[in-house]
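Next up: a single chain in structure tokens, the form predicted on its own.
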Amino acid sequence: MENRIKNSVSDQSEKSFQAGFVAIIGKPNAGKSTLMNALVGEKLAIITPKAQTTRHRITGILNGDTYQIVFSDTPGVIRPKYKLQESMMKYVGTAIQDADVIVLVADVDEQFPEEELLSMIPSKKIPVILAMNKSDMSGKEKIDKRIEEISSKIKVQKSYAISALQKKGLEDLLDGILSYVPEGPPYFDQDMLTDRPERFFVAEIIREQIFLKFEEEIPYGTEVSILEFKDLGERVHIEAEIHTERRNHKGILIGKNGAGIKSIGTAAREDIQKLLDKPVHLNLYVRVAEKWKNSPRYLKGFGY
């Protein structure tokens, strides 16, 4: 992918610099986070098999010699049932408002469209590129039928059959995006990958492990906050708190003799050390925060 980007840049050497914002939107579990990670070349957004893993708008910056694309990975579009989900849908809305290009990610096998997603596509002239994901698992006839179905509901400028997981079709998709990115100076320093701080990604890594290790409603009722983040030079000391909305879930998260919380901490620490590139000492605590998903005070404290 990096070589393809470099080749694309050399082909555009006579052009002025391009810089713009690209909103990646779609239904839950369509592969938006996987796509952004693949395009940027780094794991910035957490990925799990469960729907609605992404709760924030996460920025990934792709820098080339003649362009800068600022991708926004967004939560899957749903009809909100509580204040947390209302905040999540606001992130989608602001990403669309800021966008020069919209990439609509759709799963070949999903039921589409839904009114919630259709209503978020703006009537103003922002080009929409359709990325038909997971196309490696379907035949051309089915893919073409799905593209035709979606294009009949939403004005689509370009469409591409891709596999974000297998990194197939991304070169053509990137070229399509660049064809709509306006000319202008970069928005961020060209050595930046994201505008989010390390603390944010540490909390996300811990939350990812909760999604991977626990079933049913437990991951959806938890949030992670960083109490302390100290870079001591040779190592980093981190204190983090897992908030759960139900008292009985606290015991499940901790586990018998602390086995649950130890399992989360061990796996999370490995990924955090890769992120920070140094040894990490991680302490985790579990706290009950009843009805936090509907509490403006809690949500504000968690960064929503």
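Numbers for residues come from their place in the sequence shown, where the first is 1. Since this is a predicted model, take the numbers as computed values, not measurements.
Another form exists, predicted together with a small molecule; not displayed. Remarks below refer to it.
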Three residues, Ala95, Asp100 and Gly176; all within 4.5 Å of the small molecule in the predicted bound form via heavy atoms? no
Here the chain is shown alone; which of Met137, Leu118, Leu232, Leu227 has a heavy atom within 4.5 Å of the small molecule in the predicted bound form? Met137
Could you tell me which one of Thr48, Thr66, Gln273, Ser263 places a heavy atom within 4.5 Å of the small molecule in the predicted bound form? Thr48
Tell me which of 237-245, 264-272, 49-57, 250-258 has residues with heavy atoms within 4.5 angstroms of the small molecule in the predicted bound form? 49-57
Using the partner position in the predicted bound form, report whether Leu104 sits within 4.5 Å of the small molecule, counting heavy atoms only. no
Hey, in the predicted bound form, does Gly41 get a heavy atom within 4.5 angstroms of the small molecule? no
Evaluate Ser72 for contact with the small molecule in the predicted bound form, applying a 4.5 angstroms cut-off between non-hydrogen atoms, and reply yes or no. no
Leu165: touches the small molecule in the predicted bound form, heavy atom cutoff 4.5 angstroms: yes
